[in-house]
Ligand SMILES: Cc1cc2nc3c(=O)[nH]c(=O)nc-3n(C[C@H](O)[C@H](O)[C@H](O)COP(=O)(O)OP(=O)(O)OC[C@H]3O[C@@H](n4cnc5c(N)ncnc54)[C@H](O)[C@@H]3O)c2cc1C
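Presented as structure tokens, the chain that follows is alone, the form predicted on its own.
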């Protein structure tokens, strides 16, 4: 973990309100693992005071570049979206526990709901490097929110889209689509309702899986406890885990859903 000033290389608005920012940050690119995040200072001033956690979306280790994919959801991310090429952004990271590699054999799937593709794209990059290719189930409300399909296919993976309104691919949820194409290992990220349904399917069919959670964070390093979520360890012993430290990636069977 380190604090550094990254330099913005490119800021692209994919569709209104959704941005992909590429930054030069060599040490972060060198050390980052899929599923980890950066704690980003969105403005040079102290207002807003708190940093914003943003998943590491893509990494080019040779160039020393890191990309973030995020949605403007408030004042902090709006300030981040206003950053331009050449601007410096203070970042803390990489932080958190990431995804683990799949076992050497077996069918691998990735299930993403909307902007849940943000950390999963980095995972797909890394899987391609070890010649492991996944079935990628992309879910969204509508066609225009199915992000990075062609880029994912260029990595060698197979994309299966699902939309709530039926404008592309399967007419229904991404979990329903995945249920028709089960695999041995699954990685998921998306809205809480989607992950809850996915984890139930994984438990029902005894499928190994990991899910990346999104929680509001204060410090990002485990001190403030603002991002605690209920998890289960051995038997029925419950505990509260810090998403910023013990997560954001958890084994699917550990998360206790409300």
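Keep in mind it's a predicted model, so treat the numbers as computed, not measured. Residue numbers count along the first chain shown, from 1.
Beyond the structure shown, there is the form predicted together with the named molecule, which is absent from this document and is the topic of what follows.
- Although the partner is absent here, residue 132 sits far enough away that none of its heavy atoms falls within 4.5 Å of the named molecule in the predicted bound form.
- Although the partner is absent here, residue 232 sits far enough away that none of its heavy atoms falls within 4.5 Å of the named molecule in the predicted bound form.
- Taking non-hydrogen atoms only, residue 154 never approaches the named molecule to within 4.5 angstroms in the predicted bound form.
- Using a 4.5 angstroms limit between non-hydrogen atoms, residue 52 touches the named molecule in the predicted bound form.
- This chain is displayed alone, yet in the predicted bound form one of 186, 124, 174, 118 has a heavy atom within 4.5 Å of the named molecule; that residue is 118.
- Checking 27, 215, 203, 60 against the named molecule in the predicted bound form, a heavy atom within 4.5 Å turns up for just one residue: 215.
- Contact with the named molecule in the predicted bound form, defined as any heavy atom within 4.5 Å, is confined among 74 to 82, 175 to 183, 134 to 142, 97 to 105 to 74 to 82.
- Applying a 4.5 Å heavy atom cutoff to the named molecule in the predicted bound form picks out 37 as the lone residue from 28 to 42.
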